[in-house]
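Below you will find one chain, with nothing else, as structure tokens; this is the form predicted on its own, and questions on how it binds or moves follow later.
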């Protein structure tokens, strides 16, 4: 008898009188109790984001000018006057900044490293997990511009806030380059010390609109 046969024989004898495994329920919760865009979900999202050490700014009106003022104030408080933005974001969102670079795919990683902030939208946000999702589209931009600059300002409209992950996945195109963001980039791998800005922006500012 080989060693392999002996090991497999012992496994068979050990499992020989095991009870039959009960069926595993495969139905998962596909929707929350609150409808997308409800005030309860906005509050839950804000709570989760702040728990992750993100900065949250609330804007009551959905006017692009008001959003731009909130974005400008958030960056001015950090002494940032320059940002990169994807071509699909409304120009009013960055109208209060002194220098705005519109990314058309021409910026290298070195170019992006010289720009202190990025301003984007989000395709959906998940209240239960405090996650914003970017899909690489015109509103969110390519992944590089949201990973290299040190500060990310992301605009989330209330109508795009859902409660659960399955609800969010139903809104997404799985063929797009999806990025799920839950708070600033951070790791605690070394001696359990939290280090921020390891594989993405050190600072995340979320402007919740509506």
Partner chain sequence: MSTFLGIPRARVAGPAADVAVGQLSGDRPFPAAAHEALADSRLRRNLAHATSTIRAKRAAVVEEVPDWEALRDAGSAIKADVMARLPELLEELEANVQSRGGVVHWARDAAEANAIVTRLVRATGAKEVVKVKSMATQEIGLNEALEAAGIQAHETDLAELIVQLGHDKPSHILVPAIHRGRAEIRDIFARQMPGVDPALTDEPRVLAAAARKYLREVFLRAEVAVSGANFAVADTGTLTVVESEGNGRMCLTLPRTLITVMGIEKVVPTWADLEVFLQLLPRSSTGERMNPYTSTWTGVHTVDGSADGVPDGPQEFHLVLLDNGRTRALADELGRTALHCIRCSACLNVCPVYERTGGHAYGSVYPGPIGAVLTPLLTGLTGGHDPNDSLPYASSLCGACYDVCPVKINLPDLLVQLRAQHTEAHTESHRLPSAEATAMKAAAWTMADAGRFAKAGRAATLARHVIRRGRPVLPLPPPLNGWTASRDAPTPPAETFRDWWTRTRGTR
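This is a predicted model, so every value here is computed, not measured. Positions refer to the first chain, counted from 1.
Just so you know, the form predicted in complex with the partner chain exists too; it's not on screen, but the next bit is about it.
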**4.5 angstroms heavy atom contact with the partner chain in the predicted complex for residue 136** = yes
**Message:** Is residue 64 part of the interface with the partner chain in the predicted complex - any heavy atom within 4.5 Å?
**Reply:** no
**Message:** Is residue 39 near the partner chain? Define near as a heavy atom within 4.5 Å, in the predicted complex.
**Reply:** no
**Distance check, residue 142 to the partner chain in the predicted complex, heavy atom within 4.5 Å** = yes
**Complete:** Taking the partner chain in the predicted complex and a 4.5 Å non-hydrogen atom cutoff, the residues of 94-118 making contact are 104, 105, 109, 110, 113
